[in-house]
Every structure is written in structure tokens, then in C-alpha cells.
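Just one chain follows, in the form predicted on its own, and it is written as C-alpha cells.
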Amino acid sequence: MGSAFSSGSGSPDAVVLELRGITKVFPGVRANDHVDLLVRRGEVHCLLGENGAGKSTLMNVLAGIYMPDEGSIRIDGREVSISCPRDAIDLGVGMVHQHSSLIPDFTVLENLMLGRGEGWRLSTGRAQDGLKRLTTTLGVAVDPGAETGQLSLGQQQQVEIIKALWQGSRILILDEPTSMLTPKGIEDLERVLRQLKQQGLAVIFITHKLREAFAIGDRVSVLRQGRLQGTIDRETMKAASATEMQRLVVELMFPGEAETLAHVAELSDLSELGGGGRAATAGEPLLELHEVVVAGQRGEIGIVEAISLTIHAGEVLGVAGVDGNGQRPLAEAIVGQRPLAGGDVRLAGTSLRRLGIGARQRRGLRYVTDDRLGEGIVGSMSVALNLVSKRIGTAPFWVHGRTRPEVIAAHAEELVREYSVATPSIHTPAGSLSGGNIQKVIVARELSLDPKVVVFNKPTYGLDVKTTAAVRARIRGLVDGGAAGALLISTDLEELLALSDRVAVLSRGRLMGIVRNGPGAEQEIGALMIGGEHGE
């Protein structure tokens, strides 16, 4: 194994990477349009931009996944050619993707030895010594014999970073690295980043979270519609207040809309977020879970164990936990997509146990799934038809079995306008829209059906700040009238604090406790996520 922290020649603040005029075109889309970017040693350079801005495409060009149509890449002042991921690795460029690339049945050491491309020719003793040097330098503890599939997501991410360094990376790309981490996992990642900076590595940090960029980044670059809008340098970031930084970044991302987006949840002070005392005035129980048990399916591990929850009218009940701890099975059992193995679900006092999906929907239970493309829409169908897909055969869109296209079109035009769906036409296939606009279509459809309770499963995951703000406003608007309730499942603790009146914490399918939102809630939720106990 080579030196993982060899930073090359030059001063610690020297330019290590220069992208010049990078252009990448896909059919009908100019994903990157003559992008220039400089990255220095010993810095975390945050890359921001709305969905479809070109961030991932640009980094995939650097990582050798895509070849640019125009432009050049210079590393340490020398122009290089990167035609495949192996070229990038050999040049010291490593990328940690949002989802783990580790082999879950292999140990940490086995994954690292394969990651070097040397198979078993590298002796186990040398590999263990190398791993020990890396973990000591990073200040993390990793068991070389642990199966990676049994590690927490935060630990898996640490192994991914170690794997990149093991391969000799001097430029490290992190794609949305905090999206599924607990508060402790985020703290651990920040500590690792500080160590990497001290060792002279350059880190490119892709994120949607503005506050995260301010806290972690040394410089921030903003992409919009495939073009670099600007870079905020280290000196400006040190001198500017949080409010000034917010205005600078939002103006780059959404020119002319800084005032409109001045109070989006990601930028507000956490002490001002959340329901505080709203839950104390919530109305009658709407959705009640009594000792709900859900069995694992399709290779899932474990079950949802005897969970009891109540959502009141006028309340958002949040569900926190690291992804994969029973949230999705629980949501699907509530809405009827999988059977209960025990317990009961009641809506407005009526048991839903023997009712199917359609019957639950007719009683006012709605679901915003986390699987937008696979489950949330029919991609080949038009936006208009997707907006009425849960009303097929019903008036006023169908009469005597005949479709009424003009009524469907008028309904779709109204919802597209109300929810600001960016689409060339209501007749455009929904699957061709951006992720944010697909989510708007799903939310518009579910909320237009006069819901009593809506189950939201990661409703803003992967969305840009503007779309996130719009979806969150819809969630709060749903319950603020006092007639409806919402169950909000999210891996984003800031989102839960921004929207929820109370937060339930799941771990390994068990309810660890419920926390009323307010001062100190963040710390209490974080403690429950790593195994503490609490009850209201």
C-alpha cells in the first residue's frame, strides 16, 4: 500500500486540481456547460446546486465514470486524461458514493485488500499494519475482522474513506455523505475531515444542505443549470455572518429569489425550529397504531416489533432513525402495502386491519413513498394521468366508464400551477421530469385527495433547497388547519426538528422513545438513535 497522505509538491494551499471548460452533453440535456473549478490542498471545497445543476455529472467526469465532451483536467499543474475509474484512482482521485460500494459479506480488511486491486497478493499482516496507520491518523476505531454489512452506516462510510485513502487518493470526492448519518455519525465525519485537511488532502464535498456547507466548507462553489455561478472564497466565508452567507449562496443558486427563500428551514437557527408547544393543542386521535408487528420480507432482516403510536389532528409526528431500521416496513403496513403480523392500525377509530390499499385511501389515508420512480409514479404515463392515477374510474374524471380528457387536463393544469411543477406540458411523460418535480407531482396528487392522514416517507430526500422548502411548507400547511395529521419519516434530523411536534425514534424495528419537540430535543433524539432509552 502506498502512502495515503502523500500530498505532492508545493505549498499546503496550492492548487491541486483544475477543471477547465468541462462540458458534458446527454441527449437533450447539457449537464455541464464549460465549467471551471479550482480545488486546493488542505481544503474542503463544497459543491452546491439545485437538482439537475450538474454537480454529480461534473464529479463523475473527474472520477472517470463519464468522458467530457470538451474541456481539460489538470492535477498538480499537469494536464491528465481520465478515461475510466482506474485512471482516476491511479492519479489520486477517489470517490465515496452516497450508497455503499462495500461487499457486505466481506470483512473490512477483505474489502480493502480487494479495493487496492492486488487481490490476496498483499499479505494480511501488511494490510493490517496499513489499516492501523490509517485509522490512527484519522482518529477512528475500525475492527479489521468485522463484516461490513454488520457495521452502522457511519462506520461503513469511514471504511469507504479509508478504502479511498488506501488506494492512494489525494483528491477525495464525498457525494452527499451525511444524508443517512446520525448526529454522532456526522460529528465523527467532521472530525475525519479535519484530519484529512491537516494531512493536505483536498476534499470535494457535494451537499444540498446550506448550513452544512457553511459549517464544513473552506470554500463553496455553486452550479446552476450546468454552469458555475460563482465561488465564495475562504476569506469571505470567515468574515461573513450566517445571514450574509445565506444571501450570497441563495442568490447564486436562485438569482432574484433570495428574499423569498430567506427563511427556509435549513438556514434557520435550530432553536427556532419545530412545533414547540403545538402538539399540546392537537385535536382528537386520527391514526392509532396498537402493538403493530411487521414481519421482514424479500430478504429484510428482522421485524417491526410491537410499535404503538398516535397521530392527532393538527399534528406532525416525526419518525427518526438511521435508514433501514424498520421505517419503510412500518409505513407500508400502515397504508396496506404489506400485512400486519400483529396488532392493529385504526383511522378515526375504525380498524384498517382487514382493509386493502384502495379502501384505506377512500377513508382518507395517503402515502408519499420514498421510491419516486419505482412506486410513486408510472414514468411512461403523462403528468396529467399520474395526477389522477388514484382516481381511475371515478367521477368527474371518468363517467360511465369513459375517460373525460378535458376534465383530467383542467385538473392537471390547476395542480401543476398550484404546486409549481416545472414540466414542458401536462402531457409530458412524468418519468422525464427532474426528481424534484416528480416529487411535486406525487405530493400534489396525494394532498389533492382531501386527506385525513398522510404518511410521508423521506419526502425531501435528495431535493434542492428550493424544492425542499416547498415540500416542507406543504407538510406544515396540511396540519396547520387542525383537521389533518401527518406521519413524517425522515433520516434528516433537521427536517424532523423543523416540522414535527413530537419525534418517535426507531432502532432495529423497536420504538426507543418519543421526544416532544423543543429545546434540547436534538440531543435527546440523538441519544435515542444510538441506543438510549426514553419515554414521554
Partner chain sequence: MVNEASRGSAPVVGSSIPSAGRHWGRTFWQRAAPVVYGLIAGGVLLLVMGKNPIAFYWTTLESGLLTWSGLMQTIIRLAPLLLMSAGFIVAFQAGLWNIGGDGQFLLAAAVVAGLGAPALGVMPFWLVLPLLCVVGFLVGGAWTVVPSLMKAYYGMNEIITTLMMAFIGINLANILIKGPFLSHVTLVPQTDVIPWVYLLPFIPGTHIHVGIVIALVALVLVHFMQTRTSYGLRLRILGASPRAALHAGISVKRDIVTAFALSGGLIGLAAAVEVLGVWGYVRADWNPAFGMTLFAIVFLAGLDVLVVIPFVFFFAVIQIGGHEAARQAGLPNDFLLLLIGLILFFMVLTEWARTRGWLARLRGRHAGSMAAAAEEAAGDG
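No experiment lies behind these values; they were computed from the predicted model shown. Residue numbers count along the first chain shown, from 1.
What comes next is about the form predicted together with the partner chain, which is not displayed.
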property	result
Partner proximity in the predicted bound form: residue 247 to the partner chain, non-hydrogen atom cutoff 4.5 Å	no
Any non-hydrogen atom of residue 212 within 4.5 angstroms of the partner chain in the predicted bound form	no
Touches the partner chain in the predicted bound form: residue 255 (any heavy atom, 4.5 Å)	no
The partner chain contact at residue 361 in the predicted bound form, heavy atom, 4.5 Å	yes
Candidate stretches 371 to 379, 286 to 294, 193 to 201, 314 to 322 - the one whose heavy atoms come within 4.5 Å of the partner chain in the predicted bound form	371 to 379
Heavy atom within 4.5 Å of the partner chain in the predicted bound form - the one residue of 145, 393, 125, 349 that qualifies	393
Contacting member of 77, 342, 149, 405, with respect to the partner chain in the predicted bound form [4.5 Å, heavy atom]	405
All of 84, 357 and 445 within 4.5 Å of the partner chain in the predicted bound form, heavy atom check	yes
